[in-house]
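To begin, one chain is listed below as structure tokens, in the form predicted on its own.
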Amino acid sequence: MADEALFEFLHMEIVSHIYKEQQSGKAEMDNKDRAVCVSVLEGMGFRVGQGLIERLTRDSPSFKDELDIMKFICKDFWTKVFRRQVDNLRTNHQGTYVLQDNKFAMLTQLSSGKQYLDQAPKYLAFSCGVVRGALSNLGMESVVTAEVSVMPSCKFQVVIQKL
């Protein structure tokens, strides 16, 4: 329980630090500055996801298909990283998956409802990178985006890039 809180606070401080560094010396951040921050956080998450999936799949048998990999991400990987399973997994069977987490760990400390909805994207960039990094190490290049309509509920859309 304590390690969860420590990770959540560390995550908040990393986000805060990245945004403060980018804003230093400027009155306000523009969209380009925000995009740089999101890119840095997503890159950090990507590397973390790669490392975590290596450890988690070390003793696992190989996966038979794309859906099998996504089920592993939603159950085992999500549980190890965010301490709970994804609440819902949907797919169109054409490479697009939607993972819904109704109590996403990185948003529970912020708010419930719509109070800080505009702040949510910066706290989701790292997590998108974690998922993308994990999928990349499993041989699936993807684009991962997150959407929040009411906090702390979050939907991650994973689009698998066909090579």
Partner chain sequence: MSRQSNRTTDSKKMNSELFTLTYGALVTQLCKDYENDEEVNKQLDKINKNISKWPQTFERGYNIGVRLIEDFLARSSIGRCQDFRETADVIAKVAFKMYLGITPSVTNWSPAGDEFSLILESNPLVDFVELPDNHSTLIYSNLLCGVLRGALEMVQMAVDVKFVQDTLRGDNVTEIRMKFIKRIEENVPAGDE
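Treat the numbers as computed from the prediction; the structure is a model and nothing was measured. Positions refer to the first chain, counted from 1.
We do not show the form predicted in complex with its partner chain, though everything after this point is about it.
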(message) To verify the annotation, which of these, V98, L67, L52, L110, has a non-hydrogen atom within 4.5 Å of its partner chain in the predicted bound form?
(response) L52
(request) Report whether the minimum heavy atom distance between Y116 and its partner chain in the predicted bound form is within 4.5 Å. (result) no
(request) State yes or no: in the predicted bound form, is some non-hydrogen atom of R83 no more than 4.5 angstroms from a non-hydrogen atom of its partner chain? (result) yes
(message) Residue-level question: is R47 within 4.5 Å of its partner chain in the predicted bound form, judged on heavy atoms?
(response) yes
(message) At 4.5 Å between heavy atoms, is E13 in contact with its partner chain in the predicted bound form?
(response) yes
(message) With its partner chain taken in the predicted bound form, which residues across 4-24 come within 4.5 angstroms through any non-hydrogen atom?
(response) E4, A5, L6, F7, F9, L10, M12, E13, I14, S16, H17, I18, K20, E21
